[in-house]
Structure formats: structure tokens, C-alpha cells
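Here you'll find one protein chain in two forms, each presented separately as C-alpha cells under the names structure 1 and structure 2.
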Structure 1
């Protein structure tokens, strides 16, 4: 097991290098350091002196990949790519283009992001699995048919509708919770209750339909017929056998959600003014702060790879037949 984990983590290094290189080329291919300086200075016709000073202060005055003015290893090390991208492997994100410490902002904003994303994830997963099992229990009935119709209808509605509609109905018309904002302590529930509820409802249709498909595939297998022949009730078959054997595809789908737990929901945090990593990323994109965007892309890649490793390990827990070599 330990050898497998180490090997997977070593495989992640070239992947992260590739992501870093691609992101670096993409950002600096579209916008040169001079273009970034002009955007941050807020002047279309900024003077050459102001641009040069801004680049020097923030380390954008170095060559991209090769520095002929240096000697030895410094020809490669003293470059923009190493300074702005490779040092992120040590989780040294440097400073944003506006001068703020990126690592400090990430630490401060991770809590609000988790406060929204974690309960949304847990409640969504539980509700979708329970509803899917309910539809499978009443399969080929009117309840199953209309349940699928409602799921498809919910899938077809944009998440923007749920956010705006929820704010209008719950906050403006009923005045039950604030329309936006964030507070710590016990007041957190007043501000995060609505975004969590909307997050659960918005993803319920697609998740329920997906899990229903998984359970329907499992319920036609031989071990289910054997369990019924032994006299087990349908509920016992669903919860003790079908659900257990369907955990591997469920875990595979869960892994794609792991990065969003830490990085936050872009739309949800922006509309509800939650000071999390999602709104931080949106603000960076809006302000064209490429240092922040590059850092968030790197963290997202790291979290996704960690999620894949954890998913492979969890396979051995839910299914003893799986062995990691």
C-alpha cells in the first residue's frame, strides 16, 4: 500500500509540471508582462518608466525561460518560469499583482469555502442516494416515472435560476435570511443556510438520476437474486447489498467534487458575498490578477490528484476484491 501511494505521488510530479508549464505559457502567451503592468497600473498609455518600475518591483522583469545574463544554473533558475511557477511546488505562491500575500489570503478564505461546500456536499450526497434508492424501490411505477421526469427537469434548469430565485423568494419575499453576506460564530448559519440549501437543490436532479442508474445496474445481478431467494426483504437487499456494491462508482464520482470543497463555488460565493476561495478566484479573474489565478489552478490540480489517490485507497476498504499493487 505504501509503495503504491509513493508511486502515485511520484507520477503526480510530471503532471503538475505539465499543468504548470501549460498555465504559464497560456497566461504569458496571451498577456505579456508589459500588458499585465498596464492593466494593473490602470492606464492605457502608462509610461515606459512606470511599467519598468512595476515589473521590477514584482519580479516580472526577468526572462521567461532562459537568462543569458546569469552564469551556470542561474541561467535557468533566475527566470520568470522558475520564480512564478516552479516555486509553487513548495507552496510558496508569492504575492498577488496588487501586492497581497496569496498564501495568507488562501488560509483566511479556506474556512468560509469549506463552511459552504462541506455541508452542501454531505447533504447532497445523502439526499441523492436516498432518493435514488427510493426510486429503485418503486421502479416501474408512477412514482419512479415522475421522479425521473422531475430529475430531468431539475437538470435542465440553470443553477443561476436557483440562486436568483432562492434569493428573491426566501430572502426578499419571506425575509427569512439575509440575501448575502458572511459572519462567523453562531450567526454563520443565518448567512450560509440559503446557499447550502440552493447548492443541494441545484445538484439533486443530476445526482439522483445518476445514482438511480447505478443502482438499477446492480439490482439485476446474480447476488441480488440470491439474496432475495434467501428471504431478505427488498429494503434489506437495497441497503445491505446493492448500496454496498455500488460504492465504487459512487466514490469515483465523488472524487471530482473534492477540489471544489477547498476551492469553493465560484457562482455561489460571488452571489452570496461569501469571502471564500471561489469569490477570490472570480475577483482575480475580473481584476486580471494572473498570479492569483495561476495559484488557484495549481491548488486545484494538487487537490484533484490527492482525491484520485484517496479514491483508489478507499476502493480497498469498500471492496476487499480490489488490491493495490
Structure 2
């Protein structure tokens, strides 16, 4: 088991290197640092000296991959690629345009992101599975049919409308909770209730329908017939036997997103003014802070790859037939 995990983690290195190289080419190859400097300074103020100063301030004044001015290892080491891209492996992301240390910002903002994303994730998973099992329980009835119709209708509505409509209804019309904002401690519940609720409702349609198909596939298996033949009630069959066995296909889609919960949701955090990583990213995109966007791309990929490894491990936990060796 340990050997397998180590092997999987080693396998992740070339992929992360690929991500690293890809983002580097994207951020420095498509447009030269000069172009970026010119755009950020504004075409009017972009004199040659201003561009040079801008590049020196941010450490962009080095060659990309090969520095002939240096000696020995420094020929390769003292370059943009090593400085800006490879260094991210040590979780040193440099500074944002506003001068703050990016790594520190990320550590600070993970908490609020997780405070929104984790309850949303757990509640929507539970709600979708329970609803899907109920639809399967009432399969081939009018309830099932209209349940699926409502699911399709719900997934045809843009998530923006759930947020805008939810804020308007709950915060403005009923004045139950503040429209947006964030606070630590006990006050958190007041601020997080609405985003979590909206997050759950917005994703309910598609996930319920997806789990319903998984359960329907599972329910035609032999062991289900056996369980019924033993005289178990249909509800017991569904919630005890089918649910357990259907966990394997469900895990594929679910476990992989768990590490990414740290990154939060761009939309939710921006609409509800949660000071998490999602709103950090959105501010960086709007402010064209490339250093921050580049760091988030790297962190996001790391989280995704960790998620893939976790998925494999979780298989061994729920499915004794799977042996990783």
C-alpha cells in the first residue's frame, strides 16, 4: 500500500513538471514580458526605461531558459523559468502586484474558502444521494418522471440565477441573513448559511440525475434480487445494499474534488464577499495580476493530482476486491 502511494506520487512529478512548463510557456511565451509591461503600464507611459524598471522590480529581466551571462550551473539556474516557475515546487510563489507574499495570502484565505466549500460539498452530496435513492424507490411512477423533469429544468438554469435570485429572496425580501460578507467565530453561521444553501440547490439537479442513473444500473444486479428474496424491504435494500455498492462509481467523481475544496468557488465567494481563494483569484483575474493567477493554476493542479491519488486509495477502502500493488 505504502509502496503504491509512493509510486503514484512519483508518477505525479512529470505531470506537475508538464503543468509547470505549460503555464510558463502560456504566461511568458505567448506574450513577452515587454508586452505585459506595456499593457500594465498603459501604452502612453510605456517608455523603454519604464518597461525596464517594471521588469527589474518584478524580476522579469532575465532570459527565459538560458542565461549566457552567468557561469556554470547559473547559466540554467538564473533564468525566468527557474525563478518564476520551478520555484513554485517549494511553494514559494513570490509577490503579488500589491507587494503581499502570495504563499501567505493563500494560507490565510484557505480557511474561509473551506468554510463555504466543505459544508456545501457534504450537504449537496447527502441531499443528492438521498433524493436519487427516493427517485429510484419510486421508479417508473409519475413521481420519478416529474422528479427527473425537475432535475433537467434545474440544471438548465445558470448558477448565476440561483445566486442572484437567492440573495434577492432570502436576504432582501425576507431579510433573514445579510446579503454578503464574512466573519469569524459564531457569526460565521449567519454569513455562510445562504451561500451553502444556494450552492446545494444549484448543484442538485445534475447530481441527483447522475446518481439516479448509477443506482438504476446497480439495481438490476443479482445481489439485489437476492436481498429482496430474503424478504428485506425495498428501502432497506436501497439504503443498505445498493448504496454501498454504488459507492464505487460515485467515489470516482467525488473524491477527486475534495482537495480542490480549498480553492473555493469563484462565483460564490465573489457574490458573497467571502475572503477566500476564489475571490482572491477573481480579483487577480480582474486586476490582471499574472503572478497570482499563475500560482493558483499550479496549486489547483497539485490539488487535483492529490485528489486522483486519494481516489485510488479510497477504492481499496470501499471495495475489498481492488488490490493496489
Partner chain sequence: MTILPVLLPTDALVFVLMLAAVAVAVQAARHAPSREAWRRVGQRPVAMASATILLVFAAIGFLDSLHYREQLPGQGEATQKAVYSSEVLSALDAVLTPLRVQTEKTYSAPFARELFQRETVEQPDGGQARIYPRLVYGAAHLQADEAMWPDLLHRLAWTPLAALLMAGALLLALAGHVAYHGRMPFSVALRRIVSGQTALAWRAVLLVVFLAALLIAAGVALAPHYHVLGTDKVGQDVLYLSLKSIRTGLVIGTLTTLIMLPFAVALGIAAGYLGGWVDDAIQYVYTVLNSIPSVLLIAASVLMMQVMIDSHSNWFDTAAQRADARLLALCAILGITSWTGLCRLLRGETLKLRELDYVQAARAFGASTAAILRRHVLPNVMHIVLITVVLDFSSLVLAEAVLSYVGIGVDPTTISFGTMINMARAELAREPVVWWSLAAAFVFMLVLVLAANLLADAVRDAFDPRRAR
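If you superpose the two forms and keep the largest set of C-alpha atoms that fall within 1.5 Å, you have the rigid core. This one's a predicted model, so the numbers in the text were calculated from it and none came from an experiment. Residue numbers count along the first chain shown, from 1.
> Tell me which of the two structures is the form predicted alone, please.
Number 1 is right.
> Core aligned, does the CA of residue 61 move at least 2 Å between the two structures?
Moves: no, less than 2 Å.
> Answer yes if the CA of residue 293 moves 2 Å or more between the two structures after aligning the rigid core, and no otherwise.
No.
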